[in-house]
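In C-alpha cells, one chain follows: the form predicted on its own.
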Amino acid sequence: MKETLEQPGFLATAGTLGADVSYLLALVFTLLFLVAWGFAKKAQGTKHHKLILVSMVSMVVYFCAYYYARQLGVLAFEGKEGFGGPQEVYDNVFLPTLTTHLVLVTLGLIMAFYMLIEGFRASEKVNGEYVLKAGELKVSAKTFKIVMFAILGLWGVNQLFLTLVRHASMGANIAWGLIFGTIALVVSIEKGIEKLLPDGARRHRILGRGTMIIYGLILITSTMTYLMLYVIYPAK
C-alpha cells in the first residue's frame, strides 16, 4: 500500500498519489461536516445524525489506514525527510505546522469517536426523528474503568504489532504512544466535562462547535503542509 501511495500524484508536479487523495478527502470531509452542521442548526436531527455518522466513520477508517501506512507522524521526529526547503524554514515553519497538524488530526479522530458516542447518548427518537434530549448525562464509574482498561489493552496490542511485525522506529512508537495517551487523557477529563456541562444536549452543541473548529484548522494546516511539501519546497 505504501508503494501505491508514493506514486506520482495529479494535483502538483511533485505531489504523490497518497498526498493528493488525502488532501482532496480532507476537503470532502470538511464540506460534509459543514453540511451536517447546517442540518443540526436547522433542527434536522435525523439528516444530521446519518450524514455525520457516515462521514466520521469514513474519515476515521481512511485516515487511520493512511497515516499508519505512511507513518507521516514519524516525520515530526526523524528529520528533514521529503522537505526541500531551507533548514530555517523547516525548523521554524514546516515542523511546527506539521506537528500542529498531527496534534489536530489526533484530536479530530478522538472527537469523532467521542461525539458519535455522546450523540447517541444525548439523543432520542421522537416520531421517527432524532432530537437532543435535555437532562444530566453521566458515565458510570464501572463504565469509565472498562473504557480505560480497553485503551490500555489496545495500546499494548498495538505496541506488540509495531515491535514484532513492523519493526517500527522509536519515533513511530512515540507517535502512537502519544495518540493513545491523548485518548486516555480525553476519556479521563470526561468527568470534568460532566461537571462543567452536565446537560447532555447543551454539551453536544458546544463540543460540536469546538469539533468543527478543529476540523477547519486541520484543513488549514493540511493545506499549508501540502503546499510546502509539494509546491513551494518539493524534495529534490
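Just count from 1 along the sequence shown to find any residue number. The model shown is predicted, which means the values in this text are computed figures rather than measured ones.
Omitted from view is the form predicted together with a small molecule, to which the following refers.
For the options 132, 137, 93, 147, the residue carrying a heavy atom within 4.5 angstroms of the small molecule in the predicted bound form is 132. Comment: 115-123 is the region of 99-107, 162-170, 82-90, 115-123 lying near the small molecule in the predicted bound form, near meaning a non-hydrogen atom within 4.5 Å. The small molecule in the predicted bound form is approached by residue 43, whose closest heavy atom lies within 4.5 angstroms of it.
The closest heavy atom approach of residue 195 to the small molecule in the predicted bound form falls outside 4.5 Å. Taking the partner from elsewhere, residue 37 is found to have a heavy atom lying within 4.5 Å of the small molecule in the predicted bound form. Although the partner is absent here, residue 52 sits close enough that one of its heavy atoms falls within 4.5 Å of the small molecule in the predicted bound form.
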